[in-house]
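The chain below stands alone and is given in structure tokens; this is the form predicted on its own.
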């Protein structure tokens, strides 16, 4: 990582962990914490979708894994008495395992066929949540307690959120920390040997297979990592809302996760993060346009994709290379 990138990362960390909380505390607009927490968690789920794009597959089913992760966490907390912080990685691992089972047959499909199959996954997840007794059907799971204390060897790492005067700040810090960790992991994956092999799949799968690359293994592994991100994002959403229903994540959410990647830039690791921020606040800013909100919103998205096919981050490209 060059000096400019290090400075940029340092500035970003100072902004989200120091400057933003100070500005919110000064303004007294505590509701911004919930908004920014939502953006951070949506960015995590979108990062998983971006990773699927990285192997040349369009993933429109991330909402299904966010829903599954949310239910796994909610069930373990309310019915098995687990600490939420233990259920967070378990939710991600459950979704990763589920992705392996689903991905083994459908990842053999090419391009648009894979995309169409993933499109129905979120609806399948919703219908499963309605039908399964453990998910409590349409009533969902409510009255989920706030995350409890996490301690190791008597040392408190995370306090009990129920005892905090302002849990919104705690949720914001937890979500942003999780987002930073996920994007750091994503950056490391992309710049590792695994990432280089994944890039070869995006360019030409037949050529990759001809030189000995296990394309099936790479596709399934990448898809499982992608779904892990979706699972932990869904689990964190449940902890914040303290409830989950079959409609908590819908097909529209899966489409938005994909749009975040396009808008930010498919060629950039941090593209989904920027895309999520722009899409989330862009929709809210257009609220004042009333019935024309959706028309203006969709028109702007189409124009942006036509003018900047490589995403907003392509504006910062240098001559002869990328920043």
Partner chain sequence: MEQIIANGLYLGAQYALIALGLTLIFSLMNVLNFAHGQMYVLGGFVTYTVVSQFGLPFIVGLLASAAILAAVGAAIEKFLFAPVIKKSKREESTMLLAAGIAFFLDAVILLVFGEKQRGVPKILNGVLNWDFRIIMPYDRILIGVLAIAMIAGFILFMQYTKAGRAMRALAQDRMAAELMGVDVKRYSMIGFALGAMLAGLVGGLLVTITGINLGMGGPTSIKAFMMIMIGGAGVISGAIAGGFILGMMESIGLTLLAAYGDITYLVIFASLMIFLAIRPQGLMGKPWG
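Numbering follows the first chain given and starts at 1. Computed from a predicted model, the values in this text were never measured in an experiment. Heads up, when I say rigid core I mean the largest set of C-alphas that superpose within 1.5 Å between the two forms.
Keep in mind the form predicted together with its partner chain is missing from the figure; the text below concerns it.
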With the cut-off set at 4.5 Å between non-hydrogen atoms, does residue 10 touch its partner chain in the model of the complex? no
Going by a heavy atom distance of 4.5 Å, is residue 157 a contact of its partner chain in the model of the complex? no
Even though the partner isn't displayed, in the model of the complex is residue 20 close enough to its partner chain, meaning a heavy atom within 4.5 Å? no
Contact label in the model of the complex: residue 285 to its partner chain, heavy atom within 4.5 Å: no
Of 242, 128, 83, 78, which residue is found within 4.5 angstroms of its partner chain in the model of the complex when only non-hydrogen atoms are counted? 128
Which listed residue (138, 134, 124, 162) meets the criterion of a heavy atom within 4.5 Å of its partner chain in the model of the complex? 124
Non-hydrogen atoms within 4.5 angstroms of its partner chain in the model of the complex: do 106, 251 and 262 all have one? yes
With the partner removed from view, which of 32 to 40, 293 to 301, 270 to 278, 66 to 74 is the stretch that lies within 4.5 Å of its partner chain in the model of the complex, judged by heavy atom distances? 293 to 301
Return yes or no for residue 292: a CA shift of at least 2 Å between the shown form and the other one, with the rigid core superposed? yes
